[in-house]
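A single chain comes next, written as structure tokens; it is the form predicted alone.
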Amino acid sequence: MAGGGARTVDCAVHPSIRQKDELREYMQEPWRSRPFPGPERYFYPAPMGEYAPEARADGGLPGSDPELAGRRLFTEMGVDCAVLIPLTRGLLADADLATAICAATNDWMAATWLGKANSHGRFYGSIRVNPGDPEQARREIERWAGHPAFVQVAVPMQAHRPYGQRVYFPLWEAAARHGLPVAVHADGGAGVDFWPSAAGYYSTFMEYRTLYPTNFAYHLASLIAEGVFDRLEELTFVFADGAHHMLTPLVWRMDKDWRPTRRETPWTKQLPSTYLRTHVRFCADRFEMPDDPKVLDGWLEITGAHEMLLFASNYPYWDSFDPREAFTSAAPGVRERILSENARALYKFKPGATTPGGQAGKPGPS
């Protein structure tokens, strides 16, 4: 596979609106006139700058130009197709406003990045929903599930309850029924989110960057312990914010504690670790793997990365990952699985299809 790999699937690209009020064009009143947070994070901005220099669009926010993104991803990096995960505004006190922002984000993405900017058929989208309003979230999934370019549902890492709890079940059932994975990623903005750690707020970006991705563990443990994967055998969660390197010891602990407490969760039929390969995927982070190529293969095997890991550039942010530099010392076949095949199996992309819908030439879901 030359360069970054002509078949590389980028599973986490974060498109932005061009101007901070552009989203209002896709909202009805009274939401269009309501104040709500802007598109950028508040509490922990990266001190070296939030965005990669090459992502800065003329006259717009970084990551807001699909043509510029296409040149970077498809021409320079050799990416074949990219799954978009737009950020919304975090958790807001007004659940109806948060739901309206998610709906407007989907309308905006369908009209722009998945519409006139997608003549090449290489962008795919995520249906943004507000899990704090499960019934409206279910309806939003139903509204977009038939659109061939939307290939997953996306929810924020931030939540007021772990995602295994029964209040969310209608949302996950709708996703599973339509064959849509659920991506979990830290969302933009800062509303009525809980503290970023169980001990409170951090003082520095370094602390936030180091520890916040481990919040995936609360959701994963809940999904397994509450029996969501037993009830929805087709459901897959994609933890799209890194932390895969922390998975092995965390699930080892869950296996250890599940054995003597099985009567508490009789619906959980298997060891917690058994659910990972069929129900869980992670997006790779460029900083979360061994630097020494001699130990990379062993690490990939121990962590199950050859089955569970997906490539993600995280464009347009400062820590963008270039597939041409990713897993270059991995064993034959393993690199291709991480850069391409795991994602194609998950999203049901046909090799060599051209547009959403599967015509010949570019990638498309079957």
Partner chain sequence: MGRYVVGRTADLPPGSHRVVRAGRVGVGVFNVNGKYYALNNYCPHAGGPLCLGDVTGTTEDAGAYNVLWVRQGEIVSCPWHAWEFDIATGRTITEPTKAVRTYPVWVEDGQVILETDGDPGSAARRQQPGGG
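Positions refer to the first chain, counted from 1. These numbers were taken from a predicted model, which means no experiment stands behind them.
Another form, the form predicted in complex with its partner chain, is not on view; read the next lines as being about it.
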Review point. Mind checking whether each of K20, A93 and W108 has a heavy atom within 4.5 Å of its partner chain in the model of the complex?
Key: no
Exercise for review: Could you tell me which one of R277, K294, R166, K116 places a heavy atom within 4.5 Å of its partner chain in the model of the complex?
Suggested key: R166
Review point. Ok, M206, L271, A145, V192: which has a heavy atom sitting within 4.5 Å of its partner chain in the model of the complex?
Key: L271
Review point. Using 4.5 Å between non-hydrogen atoms, is W258 touching its partner chain in the model of the complex?
Key: yes
Review point. Though only this chain appears here, would P266 touch its partner chain in the model of the complex if you measure heavy atom gaps against 4.5 Å?
Key: yes
Review point. R286: heavy atom within 4.5 Å of its partner chain in the model of the complex?
Key: no
Review point. Contact between R231 and its partner chain in the model of the complex at 4.5 Å, heavy atoms?
Key: yes
Review point. Tell me which of 77 to 85, 278 to 286, 223 to 231, 116 to 124 has residues with heavy atoms within 4.5 angstroms of its partner chain in the model of the complex?
Key: 223 to 231
